[in-house]
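Take a look at this single chain, the form predicted alone, given in structure tokens.
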Amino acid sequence: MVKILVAARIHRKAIEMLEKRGFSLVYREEPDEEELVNLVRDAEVLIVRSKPLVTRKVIYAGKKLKIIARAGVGLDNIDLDAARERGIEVINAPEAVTNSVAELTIGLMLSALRKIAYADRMMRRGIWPKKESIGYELRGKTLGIIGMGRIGRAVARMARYGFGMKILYYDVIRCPKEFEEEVGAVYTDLDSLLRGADVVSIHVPLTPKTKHLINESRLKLMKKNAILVNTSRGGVVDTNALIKALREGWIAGAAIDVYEEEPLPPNHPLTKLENVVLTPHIGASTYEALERASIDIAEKVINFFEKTVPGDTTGSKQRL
């Protein structure tokens, strides 16, 4: 019987699917590294979300591991090099969270431009900040999208069809002409995008090449009344440079869902600024996305173990 260690919260439907197929499930939500090392020793499958960290130590402790499954998109909490060395397959559910992250991105744009979060904070303090809460409309503004993958494209469609925004985008790979024509997207270099956009939205993975892609020099290229939105990975933006930009007025504001250090420490400088909207890495945190990602991962795990055995001409399946 295949043992699956579920080390993060997944939807009950996925658990039921796996149990019906005869898998043995052990559930421990977000154990620390030492506990994870002990739990993974006899597991063939490890299921995680953005947490816990699947370190080299964890991967080498899992002597029987065949799959590490991420119920979501990003894989930066998994040591991919160690998994590759061990011949462990790493799978994820990239399409499951697309809509949820895109909707949050649009919500953060609105919150920053219309000062919704700021007005709410002031009201709770007994202040009526009507004059101070004058903001900008989203309609007709220029949106610069850095990274036009699944989520970037979903954001582009929402922005274009919902708010009539003009779309600039930068990516290492240019999109097909059909998509550019669909949303009126203009492909450009990163510096030109930063100079021309009223709203800059980041949708790239964290890699050595994208680490601090948005730094002090690039923040200085942005318009004074522009806002920066980041729902991708915290390390793509140099936090210290962003704090400086917000304090000194290089840009009008920011809306951030991801951070270089998570959870964001108490009394972090970002929490002291009124021109930034902060959310606790909730891009994929919808009931719908959790269900989609969990079911997608469950189906992929089932398919992996039920595929035809190589060289077996009888069409028999691997036994659970």
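Numbers for residues come from their place in the sequence shown, where the first is 1. All figures in this text were calculated on a predicted structure; none of them were measured in a lab.
Beyond the structure shown, there is the form predicted together with ligand NAD, which is absent from this document and is the topic of what follows.
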{"property": "Contact test, all of S201, T239 and G253, partner ligand NAD in the predicted bound form, heavy atom 4.5 Å", "result": "no"}
{"property": "Region of this chain that lies against ligand NAD in the predicted bound form, out of 132-140, 170-178, 119-127, 156-164 [heavy atom, 4.5 Å]", "result": "170-178"}
{"property": "4.5 Å heavy atom contact, G62 to ligand NAD in the predicted bound form", "result": "no"}
{"property": "R292, heavy atom within 4.5 angstroms of ligand NAD in the predicted bound form", "result": "no"}
{"property": "Proximity of R84 to ligand NAD in the predicted bound form, heavy atoms at 4.5 Å", "result": "no"}
{"property": "4.5 Å heavy atom contact, K224 and ligand NAD in the predicted bound form", "result": "no"}
{"property": "The unique member of L194, A245, I151, A112 whose heavy atoms fall within 4.5 Å of ligand NAD in the predicted bound form", "result": "I151"}
{"property": "Interface residues of 195-214 toward ligand NAD, as seen in the predicted bound form [heavy atoms, 4.5 Å]", "result": "H203, V204, P205, L206, K209, T210"}
